[in-house]
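Take a look at this one chain, the form predicted alone, written out in structure tokens.
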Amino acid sequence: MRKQWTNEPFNIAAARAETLDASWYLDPQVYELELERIFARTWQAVARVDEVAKPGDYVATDAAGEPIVVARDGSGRLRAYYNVCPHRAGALARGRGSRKSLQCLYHGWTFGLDGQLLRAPGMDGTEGFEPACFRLHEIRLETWGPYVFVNLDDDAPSLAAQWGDEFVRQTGVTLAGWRLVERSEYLIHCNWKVYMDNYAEGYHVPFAHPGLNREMSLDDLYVDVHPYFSTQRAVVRPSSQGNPNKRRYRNPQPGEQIRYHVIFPNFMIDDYPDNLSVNILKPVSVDQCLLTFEWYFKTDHDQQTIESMVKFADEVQYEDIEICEYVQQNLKSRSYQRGRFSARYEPGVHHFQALVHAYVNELPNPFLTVEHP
């Protein structure tokens, strides 16, 4: 049963709101609008700073469906360009590496890492050809922690102004002093919003994540909502609860918390007492998304602790993937159109869906203009 996009008003009060209609997760028209109105207008993590640490280093990737290349020029400045030659749209780079210039793989036009056209073979005799008019199209770039972000919208607020400064103030998370120890990728067969909805709530933990449920209680789970991000937080269960041989945190300190941060639209941070992990979700198609998962630890953790936590998180990840892929299939059912939010446990999902609705409909961020419950 094909479901046509149903674009109805969205209630800013979670206790009164209905969820997005199922068609938002199924209709290719919605997906194309999201690429243009959400991903092309928000800050997207596209590389790690250490991948482009030295002059000449580059990474070819994509953002909002656009091919881009990130490079550090000869002066040490980080730059981002559309990975598109202005001659006839050839590609300038593939993969990652180190180069003194970017040369089109199609006709050999060569550009400096500052974007200037250096050589255009075979253009002698072309009337009115001005090399200075054919520099690479540069993209806005900022860094936050170990990540390089780009924004295709020249008029968007800076990353720091939009969410970076406020996120650090509210959560204390900066990634300073943490080291990357592991990285995984997961291709998930669901619409990107299905995964984000799932991540933004802990309502499902007692039923879907037995290992995680031993560490946190739904009774102690609370959600904080801010204009561009939300945080779920739960106190780690005391050591007296449950079988200590099955616990990940056997001797938690009083007040230690597990926190999950959702930064709109697709940047997430798992914040555990002994590690952090960053999740970056990239839409691939209307019913596929690619999740990059990177684990960070302080240098004083031993290898056994690191391996234990990575295994723990990986198990939770596969449990979530199974849930999300079932949901994607069930959204097609003629029996389902839209649902309701748990006002207690799903303010984060409501927050995320409200922002999706606002961006797609080119409306103001409702959490900047309205007092929400």
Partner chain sequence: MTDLDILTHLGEIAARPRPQMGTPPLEAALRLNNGSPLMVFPLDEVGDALDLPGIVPVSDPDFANVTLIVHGDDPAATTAKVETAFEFGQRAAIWDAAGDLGLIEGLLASTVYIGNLAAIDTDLARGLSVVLTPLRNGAAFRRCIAASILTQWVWEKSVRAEVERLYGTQIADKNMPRALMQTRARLGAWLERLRRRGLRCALESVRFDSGRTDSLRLKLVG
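Just so we're clear, the structure is a prediction, and the values are computed from it rather than from any experiment. Positions refer to the first chain, counted from 1.
Omitted from view is the form predicted together with the partner chain, to which the following refers.
- Partner contacts here mean any heavy atom within 4.5 Å of the partner chain in the predicted complex, and among 331-339, 344-352, 58-66, 37-45 they occur only in 58-66.
- Residue in contact with the partner chain in the predicted complex (any heavy atom within 4.5 Å), chosen from L290, L180, L218, A161: L290.
- Comment: the partner chain is not present in this chain, but in the predicted complex one of A91, A156, M123, L187 has a heavy atom within 4.5 Å of it, namely L187.
- Among heavy atoms of D27, none comes within 4.5 Å of the partner chain in the predicted complex.
- Within 4.5 Å of any heavy atom of the partner chain in the predicted complex lies no heavy atom of V327.
- Put simply, R79 is far from the partner chain in the predicted complex: not one heavy atom of it is within 4.5 Å.
- Under a 4.5 angstroms non-hydrogen atom cutoff, the partner chain in the predicted complex lacks D50 among its neighbouring residues.
- Taken together, the three residues R96, K311 and E319 all lie with some non-hydrogen atom within 4.5 angstroms of the partner chain in the predicted complex.
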